[in-house]
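You are given structure tokens for the same protein chain in two forms, set apart as structure 1 and structure 2.
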Structure 1
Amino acid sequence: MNRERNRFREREREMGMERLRELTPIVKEALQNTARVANFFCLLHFTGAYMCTVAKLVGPSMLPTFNDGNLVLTERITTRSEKVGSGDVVLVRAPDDPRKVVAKRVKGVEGDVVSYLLDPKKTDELNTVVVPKGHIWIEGDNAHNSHDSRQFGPVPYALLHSRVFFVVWPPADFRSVGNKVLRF
């Protein structure tokens, strides 16, 4: 009886080992595919966090350069290396509402003297300001309908998110973005 039990146990072990041998390639392939997917998502995160990303522009503040609903590519290398210059279009975390990210044009960087209209809807009165160290001055291209540095003052460089370099959607607006305001 003991011999029979031992043989039975031996067969069970052999069958278990055989089953394990059958499953090993499947498990190995699943782990490899999981590693590929994880690497893809890591690359996607790295690209979005440190290199470039896509953004949808909403609102009229950048008309006529951008239309409401344009999809743009933005890059973060220029902003991280603090090489943003006057005329560049940037995405900035709004100083008065940190939940919002807004697109505006840089009118001045630290040390620049910027003249701006106090309220273009009502008066032609100009005000002048020197952009303090570690800040930028941003304005929308549509001065009559933009909430920007004219209302909240210079923006700390730390709120700078990325620089817009390409419009990708809609196809009719497909183009690179320079540092000049479009005029129609």
Structure 2
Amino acid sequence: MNRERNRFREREREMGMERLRELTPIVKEALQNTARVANFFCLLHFTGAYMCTVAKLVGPSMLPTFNDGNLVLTERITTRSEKVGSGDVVLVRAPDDPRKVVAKRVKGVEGDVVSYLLDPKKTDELNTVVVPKGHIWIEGDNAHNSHDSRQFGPVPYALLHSRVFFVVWPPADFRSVGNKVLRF
């Protein structure tokens, strides 16, 4: 009786080990694939956060340079190494809503003197501002329909997100972006 029980238990153990051996390569492959996917996402994050990313522009504030719906390539190397200068088109985190990222042109960096029309529709009065240390002055190319530094003041440099350097969509607008405002 005991011998039979022992033999039964031994067979059970053997079957259990066999099943484990069958599953091991599958589990191994599943873990490897998960690692590959995780690696891929981390690489994507690295590229997006430190090098280059795509953005869709909305709104009329950068007409005629950009239209609503343009897809642009933006790079973060210039912004991280503090080489952003006057005339660059940049993506900035809005000071009045941190969840929004807006595209504007840099009109002045720290130390620059910036003049702007107080109210383009009514008066010709100019207001002159010195951009304080660590800040930049941004304005949309469409002066009549742009909510920018003329309303919310100079923006701290750390709110800069990235610099726009290429338009990729629609194909008719495919071109590189410079630091001159298009004038028609």
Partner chain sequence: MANGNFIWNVGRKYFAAGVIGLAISDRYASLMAVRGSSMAPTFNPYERKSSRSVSDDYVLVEKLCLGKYEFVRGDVVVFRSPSNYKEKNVKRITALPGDSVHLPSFDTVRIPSGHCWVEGDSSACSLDSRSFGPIPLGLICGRITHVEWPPQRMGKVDSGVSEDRLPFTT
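Every residue number counts along structure 1's sequence, beginning with 1. Just so we're on the same page, rigid core means the largest C-alpha set that superposes within 1.5 Å between forms. Please read these numbers as outputs of a predicted model, since none were measured by experiment.
Quiz item: The form predicted together with the partner chain: 1 or 2?
Solution: Note: form predicted together with the partner chain is structure 2; the other is not.
Quiz item: With each C-alpha assigned to whichever superposition fits it better, do residue 27 and residue 108 land in the same rigid part between the two structures?
Solution: Two-body split between the two structures; residue 27 and residue 108 on opposite sides.
Quiz item: Can you give the rotation, in whole degrees, of the smaller rigid part against the larger between the two structures?
Solution: Comparing the two forms, the smaller part rotates by 9 degrees relative to the larger.
Exercise. Keeping the rigid core fixed, work out how far the Cα of residue 38 travels between the two structures, to one decimal in Å.
Key: Its alpha carbon moves by 3.6 Å.
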